[in-house]
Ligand SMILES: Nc1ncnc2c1ncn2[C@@H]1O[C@H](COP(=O)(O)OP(=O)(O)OP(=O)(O)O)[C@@H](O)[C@H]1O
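Okay, so here's just one chain, in structure tokens, the form predicted on its own.
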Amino acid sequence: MRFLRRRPCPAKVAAIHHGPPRLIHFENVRKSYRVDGREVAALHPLDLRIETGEVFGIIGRSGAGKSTLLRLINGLERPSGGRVMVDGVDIAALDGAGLRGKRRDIGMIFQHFNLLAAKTVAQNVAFPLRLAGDGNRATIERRVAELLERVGLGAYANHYPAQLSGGQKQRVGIARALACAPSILLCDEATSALDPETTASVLRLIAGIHREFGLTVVLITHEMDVIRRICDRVAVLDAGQLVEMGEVADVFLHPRHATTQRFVQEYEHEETPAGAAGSAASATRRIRVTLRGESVHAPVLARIARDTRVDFGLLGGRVDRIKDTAYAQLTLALSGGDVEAALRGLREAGAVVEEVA
């Protein structure tokens, strides 16, 4: 019986192996389906690497290819071309027994929970263990009890899914996904059926499990807020194509592709404050200023305004966090004083400064 175990952090793994480990590697992978006698591309050829121990997000609209990409990792789908390598193993090359063995190391959380209605919470969590013949009855019961306590449902072991809220059902799904002590956790739109408060609590649970046990988490979503809260890196899909990828802070704060820009704009719901048009009309320059980390809470603007006699008009913006990093992104109208000196001062303070039309 394998128990859920703490794993070394990604940095330590990299040091041991003299280079960054590559757990999941898509090599020129494409996927198409035959529909009404013709080939329809779900994924165009792409290369993608997911590091050991990171939380990797995949975002896209419905039909972008997110679920197809995710299901290639555990062999629920097979590529039409290229290779999906997990721990150096070509998933599509495995036979039935080999694939079943590999899937024990890949847990999956589903959008609509996929719980067995006629079984109790404890029986649902125990199901993959019994299916795999993983331990005797007493060992399985002990393992299930540990998992239910970890997800906050220790008192619900004998309840049935119909007696649970959506958030509780998803916690059962998380416990079940962890039953065989996987090293990879796939999350297929795990929060899209939940209200905002429950979404936040489930994301905190997944983040805590990731930190505690060093799992590699691959998460698909159509919500930029989910990516912002939990992911280290993100890939953006549009109509089956990988259009942008990088560290979440870089992609979120400085999106390059139009699809990514729309996701960010939808998340921010940015509106021009009353009176902003007048401020902008009298401005010498309009800029977007991005600060990260400790500089967010430093009196940077006040100091530069005092030193350069430039007036900063606030047109819009946000102060928030991306996972564990504080950020501020403000749209400002600058007028009066020495504007060029103010811009230099912002950059010297570590701000990213972009001109706004």
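Everything quoted here is computed from the prediction, not taken from an experiment. One rule holds for the numbers: they count along the sequence shown, beginning at 1.
Heads up, the form predicted together with the ligand isn't pictured, but that's what we're talking about next.
The contact with the ligand in the predicted bound form, taken as any heavy atom within 4.5 Å, belongs to Glu189 out of Glu189, Glu146, Asp250, Asp225. The contact residue chosen from Arg61, His297, Arg309, Arg318 relative to the ligand in the predicted bound form is Arg61, the criterion being a non-hydrogen atom within 4.5 angstroms.
Remark: of stretches 45 to 53, 324 to 332, 63 to 71, 286 to 294, the one touching the ligand in the predicted bound form is 63 to 71 (heavy atom within 4.5 Å).
Contacts between 32 to 57 and the ligand, taken as any heavy atom within 4.5 Å in the predicted bound form, involve Tyr33, Val35, Ala42.
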